[in-house]
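First, one chain by itself: the form predicted alone, in structure tokens.
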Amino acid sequence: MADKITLSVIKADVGSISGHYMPHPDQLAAATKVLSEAKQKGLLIDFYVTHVGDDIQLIMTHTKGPDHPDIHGLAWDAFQAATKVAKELKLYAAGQDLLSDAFSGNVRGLGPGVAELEMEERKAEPVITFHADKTEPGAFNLPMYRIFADPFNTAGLVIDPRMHAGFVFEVFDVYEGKSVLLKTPEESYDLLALIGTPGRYIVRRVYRKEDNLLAAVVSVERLNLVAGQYVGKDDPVAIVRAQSGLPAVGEILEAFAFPHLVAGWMRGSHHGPLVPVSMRYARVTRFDGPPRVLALGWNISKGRLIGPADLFDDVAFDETRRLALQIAEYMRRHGPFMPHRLGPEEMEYTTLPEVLERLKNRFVKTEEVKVVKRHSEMLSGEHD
């Protein structure tokens, strides 16, 4: 039996040109040098380094399996090298997502986002990696549901006998650190009851029901829950396998044809549309956004990364982008008001509590307000 191949996508924001715009080319070169040396030594089979917004994306193949300390340590070294460049160039937020000074065998819990999928390569192995910026892991909930559970999106659920039995979703509760497995279509309503709250319940993995083949993986790291305060939005990554008894590439991409509202955007504190973009537009400007997602298509051959195909670089998504920009304009007109600004439970992890703390002692009971007002009227002679 051939070795299983692991596809690891690990990302981090370790500094950016001009605010949150994009990494400096020298940062990408520094990360590439670290991974290139690891490939020469045989630790990696192949790799690709890119970015979306201010996040550096490391896409790697190897035979070590998920959560291997050598691979995670390699990613850590690459991010440290990019951070060193950021500090030398005085870039903004150098090392922002690295929440520890020391690597402890696994980057999970240290800041970077991680999606890893171990597979036995099929005769043809098409895979899509998704890379989002200015949003949170729950941003993938709606697309994942549409890809693997919505027959109006994915025709294969109806007409492909290998998909007809449905899929199993692993949903992760980021507050409790627990997961639940839910089968579709029979438990679709239970699934929706959870993942409709994307700030807490996140689709973590999806399995094909007939044989438990792992079809998709999403990073679930929530930086504010790790650090205890706002240190940047989570900017998730995802891996989805395609074709041959799994959703077709076109069915997977179709789930992003509607620019649904996600949490993040400016200071991680606002709702905005998730815009599917090409690599050319994988950078953020307006209000540090809007949130966007990049789709890279690959074929994996004995661990080699064949690609990438820039899958959202297509006029077929122009209408989606146009609608997204209209939604962005509409949401921005709300200014600091909800629903553009996040709800109070999410704002707890931003810098807003520091502002509210200054006002805390100025609040008085309603009865006391009336007394103060009456006393003021008597002094001014305005009373009856």
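All residue numbers refer to positions in the sequence shown, first residue = 1. In this text the structure is predicted, and so the values were computed from the model without any measurement.
Same protein, other form: the form predicted together with ligand F6R, not shown, and the subject of what follows.
> Taking Phe47, Arg241 and Trp298 as the candidate spot, are all three within 4.5 angstroms of ligand F6R in the predicted complex by heavy atoms?
Replying inline: Answer is no for this spot.
> Of the options Met163, Ala255, Met266, Val85, which one has a non-hydrogen atom that comes within 4.5 Å of ligand F6R in the predicted complex?
Replying inline: None of the others qualify; the residue that does is Met266.
> Of the options Glu116, Glu251, Asp288, Glu125, which one has a non-hydrogen atom that comes within 4.5 Å of ligand F6R in the predicted complex?
Replying inline: For this set of options, the contacting one is Asp288.
> Is His20 a contact residue for ligand F6R in the predicted complex, using a 4.5 Å heavy atom cut-off?
Replying inline: Within the cut-off, so yes.
> in the predicted complex, does Tyr92 have a heavy atom within 4.5 Å of ligand F6R?
Replying inline: Answer yes; at least one heavy atom of Tyr92 falls within 4.5 Å of ligand F6R in the predicted complex.
> For the chain seen here without its partner, which of 267-275, 242-250, 203-211, 154-162 has a heavy atom within 4.5 Å of ligand F6R in the predicted complex?
Replying inline: Correct option: 267-275.
> Of 31-64, which residues get within 4.5 Å of ligand F6R in the predicted complex if you count heavy atoms?
Replying inline: Read in sequence order, the lone residue that approaches ligand F6R (within 4.5 Å, in the predicted complex) is Asp54.
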